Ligand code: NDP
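Only one chain comes next, encoded as structure tokens, the form predicted alone.
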């Protein structure tokens, strides 16, 4: 029997990798983890956490304006970007310490450096070679930037979190969740914001009603949205940049932010040299057990480019370890995974979109409501909330819920439990609402927005 240095060597200390490492080590496995950057991966350092902090910062302008309707007088409110970034950095450093403490308490060996797979069981990292019975790749994704003239002038979400000062003007290229979130953040902080999206609408893949509602809401807030538009080239223009569009128009801006998707971070780890199968975009191909074509090498999370969400990577890490070491096969259920977009207004969904439901079922019933949240009745804020429920009439089962408006992510989290439990429309109808809240509207939907149709 071969005596390996470790039972499991994890490459990448993001959410999925850390969960796998801690879970395995806490059950007695000998575990090491390698990270070339900071503990916590994208979510802690360049994604979910700092983004949510910036979202909160961007909402205060509206909150201050709303306060007048509630009798408050606010004078001399001012925003300071360096203070926000310094405070954000302190919180991220605190989380680094938490991650390191948990790994150390679990007796996980931590390597700081980029790991290289030398063979199916050997890893080189930080000037050391070691062996492992199994290797797990959990290296996440990386922002994609197209190869266009002036590419060197492009910033990504990675750089935005460490800007020394806010630009006065920004052009954001892309129409996905990262693009609309940063557009909302920067617009809320007073930046003249333009979104350039090559498709006909924002947020491809989301429910059409939600897409339409968000585009209109962002436009009312002052975000300029250019649809069916794309960038041809970027050039320096004094202290600014000239952004040339394919239609011949040119915009002048202080910063160009590309939010055109992310690609799996699989290059440079020796995977190709070992013959680990990769998809055309670099995603590591795995089977249902997160195993690659090289039996000792596994992968999970965004580097496999399936459902790229932090909680999914965490669930995959736990499921893998439970299966490998405890013979507890509880595979991740990828159905009815709730998602949120922290745009302004917030979006959250669980289950099928209307288009998906029409493809899957011969008949569906749609319920919708649009209303003014009670807070906005005195605040004067011109922002409604939209809620949508999709039902399969044959079983009466609710198969999709979508919301855009304040607190949508907090509300949909609870609704996701109901969908996973198989809740029917009758159950929603018989549930007593919490009054007065926006959430109660989900149990008060009675009128069909659309006739039952195929």
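Being a predicted model, the structure only gives us computed values, none of them experimental. Residue numbers count along the first chain shown, from 1.
Same protein, other form: the form predicted in complex with the ligand, not shown, and the subject of what follows.
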Assert contact residue (the ligand, in the predicted complex, non-hydrogen atom within 4.5 Å, options 89, 252, 109, 308) equals 308
Residue within 4.5 Å of the ligand in the predicted complex by heavy atom, from 176, 345, 188, 215, is 176
Does the ligand come within 4.5 Å of any heavy atom of residue 199 in the predicted complex?
-> yes
Though only this chain appears here, would residue 51 touch the ligand in the predicted complex if you measure heavy atom gaps against 4.5 Å?
-> yes
Contact of residue 276 with the ligand in the predicted complex (heavy atom, 4.5 Å) = no
Would residue 236 sit within 4.5 Å of the ligand in the predicted complex, counting heavy atoms only?
-> no
Is every one of 144, 262 and 340 within 4.5 Å of the ligand in the predicted complex, counting heavy atoms?
-> yes
Want to guess which of 158-166, 252-260, 80-88, 101-109 is within 4.5 Å of the ligand in the predicted complex, heavy atoms only?
-> 252-260
